[in-house]
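Let us start with two forms of the same protein chain, each given on its own as structure tokens and named structure 1 and structure 2.
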Structure 1
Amino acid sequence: MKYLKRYKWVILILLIDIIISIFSPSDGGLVFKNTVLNFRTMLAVIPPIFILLGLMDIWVPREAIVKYMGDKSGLLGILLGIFLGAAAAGPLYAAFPVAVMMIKKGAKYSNVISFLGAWSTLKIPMFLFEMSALGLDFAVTRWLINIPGIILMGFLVDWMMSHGEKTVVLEAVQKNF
């Protein structure tokens, strides 16, 4: 019963998939192919990230993250958040647990939001690909305009979240990792 409740939406989508397959086997086949592809991508990307996060939780002292990305980290913290996000590749959902670990270890809220922003849109491997497909002007302009926005959004979200709301997130974070 616990599992049924936990996976109710998953079960619903699976039912929709099955209904589609009954009425249109070709569509069903395509849905199946796409879904398998998504799971394969996830299973390729996620395990090492979680292993690294587990190790980080045990070995990296809180003071280190506080020093480099915490409340008093200033410009270094902002740049580090953006750099770490831009150096990554992989779907955004892989960035969430990393951001969670940063919060847990005492990184400043705005820096974590900037990290997520950078991961979503500044990723270097993606940038290179964007450049080859859409040209230098398009890719470089987009990349550069995004940087101030990402920093600004970090501050805005930080500012719009009350202390209590951040505590709730922190508690959830501690439960989820």
Structure 2
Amino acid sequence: MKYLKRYKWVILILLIDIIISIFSPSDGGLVFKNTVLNFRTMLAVIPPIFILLGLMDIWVPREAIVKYMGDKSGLLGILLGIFLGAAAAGPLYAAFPVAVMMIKKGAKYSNVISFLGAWSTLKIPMFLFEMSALGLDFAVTRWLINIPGIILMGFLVDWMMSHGEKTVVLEAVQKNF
């Protein structure tokens, strides 16, 4: 029963694949092939991320995260979160374990949200592609619109979360990671 609860989403995806295969065998084969491809992709990305997280946990002291990204970090924490997110590589789902580690080490929620927002919208390789494909004006304009939006989202999330909600998140992070 413990494994059913733990792997419920994987089981659900496989059941959906089977149901599609029953009603439309040709589509079912394609769906199952794509499911396997997605799992392989995730399995290629997630282990290196967890290795890097383990190294971050050991090498980066909590005091450094609190100093540069904690409650009193100010503009530096926001800019650092945006820089780390924009410079990161990999799919968005790889950012969430990093965000959890940042919370565990004492980063302010607005800085974590800035990091996630930058990871999802401000990737430097994406910026370079946009410059070549869509032009410098478009790429720069998108960044100039996204950066204030990311900062605003970070502040709004931090402001809207009560102390109790932040405590619940921190306890869940410490318990599960």
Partner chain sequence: MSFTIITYILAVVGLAASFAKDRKKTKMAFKKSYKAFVNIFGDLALVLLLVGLLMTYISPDFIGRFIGEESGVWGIGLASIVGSITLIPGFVAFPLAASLLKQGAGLVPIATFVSTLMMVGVVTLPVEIKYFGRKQTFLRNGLSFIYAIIVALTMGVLLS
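Counting starts at 1 with the first residue of structure 1 and goes up one by one along its sequence. It should be emphasised that the depicted structure is a prediction, and the values quoted were computed from it without experimental measurement. Whichever C-alpha set is largest while still superposing within 1.5 Å between the two forms counts as the rigid core.
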query	finding
Number assigned to the form predicted alone in this pair	2
Core superposition between the two structures, C-alpha change of residue 42 at least 2 Å	no
Residue shift check between the two structures, rigid core fit, residue 168 Cα at least 2 Å	no
Cα displacement of residue 7 between the two structures, once the rigid core is superposed (Å)	3.2
